[in-house]
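Below: one protein chain in two forms, given as C-alpha cells, structure 1 then structure 2.
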Structure 1
C-alpha cells in the first residue's frame, strides 16, 4: 500500500482479495494449521512480505494474528480466516507498552481511536518503524495544512521539515506534555538553540541558551515557553514571529508595528506624551518612550532592550547592534530614574521626580 502526499484524508484500500490468493491460502490450510509463512507467501500472499522490513510475527507465523474460522480456504467470497482481535486490541495483545501510553496525559487522536493502521503497515514496510512513509509526509497525510504553509509561508523553520522533522519535537502516540511535545516546551527549543547556527544564506543565529545562562534578568514572557512570541513551524513574519514586530534600528513609531509586545504590555507606554503612571521611563511626567519612539523614524524597542534577557534591570541591553557596531548603552539605573551614555547621545539622566513646567 503506497501512500502519496496529496491532500486526501483517507488512504484508498487497493482491491485485495483475488481468486488466486484464496486458492493459495486454501492449499496452505490443507498442509498445516501451524504452517510457516512460506506456505502462504511463496505462491499467493507475496505482497504481504514484499517490502524489505518484515513485521516480527509476519516473518515467522501468519497465525499469530490470523486464525482459521473453520471455513474451507481458499474459496471465493468465503473468508477462511478471522483476525483473533479487532483494531488496536490486536496490536496491544503483543505491544503492551503502547497500550500503557494511553495512561499519559495527552494521547494523539488516532491512537486514542485505535487507528494504528492509519500510520503503520501490518505486514511489511520500507521503514524500520513500519510506517507507510517517514515524517513529515506521514504527518501531512492528516495535517495537510502544514505542507501547504511550508510552501507559501514567508519564513519556515527548516528544522520542522527536515530529517526526522515533526518527530524532533513531537511524539507520535502520546506524551506527558501538551501538544504531544517530546520535552518541556522551552527546553525543546534550547536543545538546538544551544549553539551558534549558520543559516543557508550564511547569516548566523545567536546561541540563545548561552545568552540566557549569562544574563541575570530573563524576560518573564519566556519563563515557560518561547512560543508566546515564535511559531515553531512557520510564519508570515520574519524570525517566525507570531505577531507584528519590525526588525531593525528605526521604525515608524505606531503601536501596530509592535503588536507582538502590546499583546502583553500596555500601549500607554508608547502613546501618552505625558503620564505619571504609564511608564517608568520618564522625566517627571514626560514620557521618554514616547519621545524616543513616537515619530516617523522612531527607535525600535531593540535599540534599548534585549528581548530575551539582559544583565540590566528592565531588560536594558549592555550593547545593541548599530550596523556593524556593538554600541554600548552604559545604562545605570537609580531609585528615581537612570543614566545612559551611548553612541546616540552623551551621558543623559532622567528622573521621575522632576516636576513638569506645564
Structure 2
C-alpha cells in the first residue's frame, strides 16, 4: 500500500504525493491500541488491533471500508457489514497514488493483479508499511530461490539481504526500469560504491565512483551496468563474478581461467602465437598477449589492465598491486603500438606495423 523509503519513492512518485504519504504513515504510527476509541475494536474485534501499527481507518472509523447491509449486528452467524468495494478497488479509494503507478512501464505482478493483501496486513501490523514481515523475508515468500541460493553461494552481496535489503534497489509496486529497479542499474551500484568499503575479512573495496570519475576511459562493459560482470545478489565465485576469472598475479594461461573476459574478447589473443587481427598488442603479427599469458605461470589480465577504468584507451593501469608494492607500468601508447617500462622488465617497445624486408 505505502512505501516510505524516500530513496525509492522519490524516483517513482511526484514529491508532493510522497510527502503526503510520509505524513499520513507517521500519524498512523503514533496511534496506539490505547488510543483506539471506536466500539468495534474495543468491544468485539480486539484481535484486529493486537499489533503495534494500526491502519488509519482501523484506528478511527471502521465504516471507511465497511458498510452496513441492513441486518442486525452483532448477532451470531450474521454478517451485518460488507465492504463497499472489492479487492484493490477498496484500497485504491484512498491510495490513489498506488493505482496511478499502474501507468509505469513495469508493474509488480501482485500489484498488477490487485492483490494488495499478498503483502499487506489489512488492520494492524508490526511494520510501519503494514506488511506481514519486513523485506527480504516478505520477498522470499514468492522469490524463495534467492534465499535458497544464498545459503550455498560462495559470495553473498550483503546489501541484498540485510537492512532495507531488496528495497535498496527495487521498488515494491512499479518502476520505469526493468526488474522494478529504483534507478538505472549502474547508478544503484554507485549509490553505495561511492566510498571505500571495508569487508569482513579486512580487505577494502575501492571507491568505484571516484575511480570512474577520475578516469578518461571506461571499460565498455561498465558504461551502462555493473551486472555485465557481477551478480548483484550472490555468486559461486569471488567478487560476485558471473563467470570464471582466476584471482591473482599469476595464473595458468587457459581459456577456462578467463571465461568472464572471453564472453566479449577474442580467444585468439590467448591461443594464437601469431595473428594479424586477434589482438592489437603485437609486434607485427607476433602475439604479445600469447607471450605473456599462454603458459603455466601466465600473467593475469589485471597485471596490466584496470578492469574498471583507466586513463588510456587500452585500460592499461598506472600502477598495479604486486604484493604490497604499487608497481608502476609507465605505459606510453602511440599510433602503432606503445612502450612499457614496468617493474617486470626494462623498457620495451612494440609496433603493429609490419616492416618489409624487400
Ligand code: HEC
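Given the structure is predicted, the values throughout are model-derived calculations rather than measurements. Numbering follows the first chain given and starts at 1. Heads up, when I say rigid core I mean the largest set of C-alphas that superpose within 1.5 Å between the two forms.
Shown as structure 2 is the form predicted on its own, with the alternative form given as structure 1. Once the cores line up, the CA of residue 71 ends up 2 angstroms or more apart between structures 1 and 2.
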